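A lone chain, given as structure tokens: the form predicted on its own.
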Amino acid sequence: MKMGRIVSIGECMGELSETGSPGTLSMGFAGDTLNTAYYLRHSLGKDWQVDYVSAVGTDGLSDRMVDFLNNEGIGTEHVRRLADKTIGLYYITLKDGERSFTYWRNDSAAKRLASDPAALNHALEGADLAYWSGITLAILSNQDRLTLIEALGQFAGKGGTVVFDPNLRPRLWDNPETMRGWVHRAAAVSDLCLPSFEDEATWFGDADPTATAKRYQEEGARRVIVKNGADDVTFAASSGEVSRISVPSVKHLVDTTAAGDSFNAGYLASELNGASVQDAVSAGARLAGRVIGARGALVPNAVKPV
């Protein structure tokens, strides 16, 4: 069994959702990079350490989030506590399995997760893999975006593996052009990019998944895996060779929340344990299929150890 340390960088938020009882909401915790960290933690053996890198407040809701992470076995040593901030919240609306979100995150402490370069570098020290997303990048100031990209570039230069999901969310950015520029800068320091074709076609105008893969490689990513819903995954190897990999069909769709996040975790967990790209893609698709067959971002019984 292999072992190592993974750091996932980003924002965990309070998740509000309907309980089925009119006027009653339940609250959990989720967020794209946290979702992936959660599924990595539950997919990998205990010889793997999974840490979350973020910032929260010192209020009771922030305490509950940190307790949740600790209880799930996700390390919180590098979750900074900021007395003048709190955590963000979002509310999920579901219709025919597709979700929409309402956010309250203006005072989110996670917007300052990269404001202390020394703390950021300390969090990366000794890690084997760093995972982050376009949402991580979007919530930061320009200076903190530069700080994070520089830190990850240095991490990669020392032999660390950087994995990036562009997770395009234009409403988090000043404008689409700004988003496109920063996402490409992020790709330049990443070993593996995990974009979703539908978003890439919409915001970059890619004609097909191969065009998406090639574009990210041209920007500096070594390898690219393009997710495309229920259709084949497109893989661009470091050699430049492009192949298509079929994925298992999903028989029961309830909620697409965290579909891509869980795929990423299933893929990475399998690859970290020595699987081929084809087998890792299948593992990611199977995990994502189980996740979208239930409600919510975090589905404990979806995980089967690899």
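Bear in mind that the values here come from a model prediction, so they are computed numbers and not experimental data. In this text, residue numbers run from 1 along the sequence as written.
The discussion below concerns the form predicted in complex with a small molecule, not included here.
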From 9, 297, 13, 285: within 4.5 Å of the small molecule in the predicted bound form by heavy atoms is 285
Among 55, 272, 259, 50, which has any heavy atom within 4.5 Å of the small molecule in the predicted bound form?
259
Looking at 125-133, 111-119, 209-217, 222-230, which lies within 4.5 angstroms of the small molecule in the predicted bound form, counting heavy atoms?
222-230
Using heavy atoms and a 4.5 Å cut-off, decide whether 196, 253 and 263 all contact the small molecule in the predicted bound form.
yes
Please run the contact check for residue 247 against the small molecule in the predicted bound form: heavy atoms, 4.5 angstroms, yes or no?
yes
